[in-house]
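Okay, so here's just one chain, in structure tokens, the form predicted on its own.
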């Protein structure tokens, strides 16, 4: 007997959650904000109504524990949002977990805190639940939005002093996370379901250039040590060289260029660049790193402004579990024949941390226009409902395998 997913109630839950912190057609629920905490309490009620034992722990993770016998699955994602962002990112995976629990499947459901990285370190909830978030890191962490210490934010949210839960070793057969694609791959091919093959690692860098701050009119071009120009020339060289060494779906991004002092009539004395690249394959990431280091060396031979390269973070890619992928593929072929594909994830997700403790897999729904991290983010209701049914069917297949 197949578990029946109540897609009507699933869509109603998604739309009810959308009203908490509503912003235009999206939501604004930054981590530990009143809106975020309201959504966590809403989720506790939903999980309890499905018969799960639900609670919020000391980092803000909401956890619903199935009371019956196993084998169990863990299903979930996150429910805070980026600032003035979309209503589905994260919320979709959590509400899908609720739908599976309501259908009577033996699932634990979790909403991990701060997947969106409002606080330094990011992925606080999923890293905490696998035991990789220390008290010392929590002491140091600050909000990227306003500099508020994490400890203060937790206290204001009523979470100070609460214990942080850990995953129970051996309890779960695997972790499923349903998510929006956040790109145009599915939509452009007219497909409705994406079975994720792996989750990219993000390697982040700080590149700092030291020049000489000086007068924009009195200093000749020959005398200048313009840190801004040195930064721009290095970034142009990276953009030219990376296509020779990268993978098919590699990406690289300069997220910030800060010039000091940043005035129109002053030659910049220093420049700071935040730079990242992403791929699912470690050899590709290592090639990109070697190329970056070589280009910084060449810049330092050529330029008057020396550059220093500092690695800020180095995540590990997660390859999705073959048996869980096979269950998703069989369910997709059954419910959406010919309308699904395998694909990598270009974004980071909680699943890559949970994958350190158990098999994990992900399922993508199409994103209209590929838009995400913006209030216009959306997916057709029939695609949301279909993917929830695929997830339910795959969960059953994997549990009985």
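For clarity, a rigid core is taken as the largest C-alpha set superposing within 1.5 Å between two forms. Note that the structure is predicted; figures quoted are calculated from it, not measured. Positions refer to the first chain, counted from 1.
This protein has a second form, the form predicted together with a further copy of the same chain, left out of what is shown; the following refers to that one.
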Original post:
If you check 190, 322, 170, 255 against a further copy of the same chain in the predicted complex, which one has a heavy atom within 4.5 Å?
Top reply: 255
Original post:
Here the chain is shown alone; which of 204, 300, 166, 148 has a heavy atom within 4.5 Å of a further copy of the same chain in the predicted complex?
Top reply: 204
**OP:** Answer yes if any heavy atom of residue 373 is within 4.5 Å of a heavy atom of a further copy of the same chain in the predicted complex; otherwise answer no.
**Re:** yes
Original post:
Taking heavy atoms and a 4.5 Å cut-off, does residue 330 contact a further copy of the same chain in the predicted complex?
Top reply: no
**OP:** Answer for residue 291 alone: is it within 4.5 Å of a further copy of the same chain in the predicted complex, judged on heavy atom distances?
**Re:** no
Subject >> Interface membership of residue 346, a further copy of the same chain in the predicted complex, 4.5 Å heavy atom rule >> reply: yes
Subject >> Listed range touching a further copy of the same chain, judged in the predicted complex by heavy atoms within 4.5 Å, from 132-140, 149-157, 271-279, 68-76 >> reply: 271-279
Original post:
Which residues from 262-287 come close to a further copy of the same chain in the predicted complex, meaning a heavy atom within 4.5 Å?
Top reply: 262, 263, 264, 265, 266, 267, 268, 274, 276, 278
Original post:
When you overlay the rigid core, is the Cα of residue 261 off by 2 Å or more between the shown form and the other one?
Top reply: yes
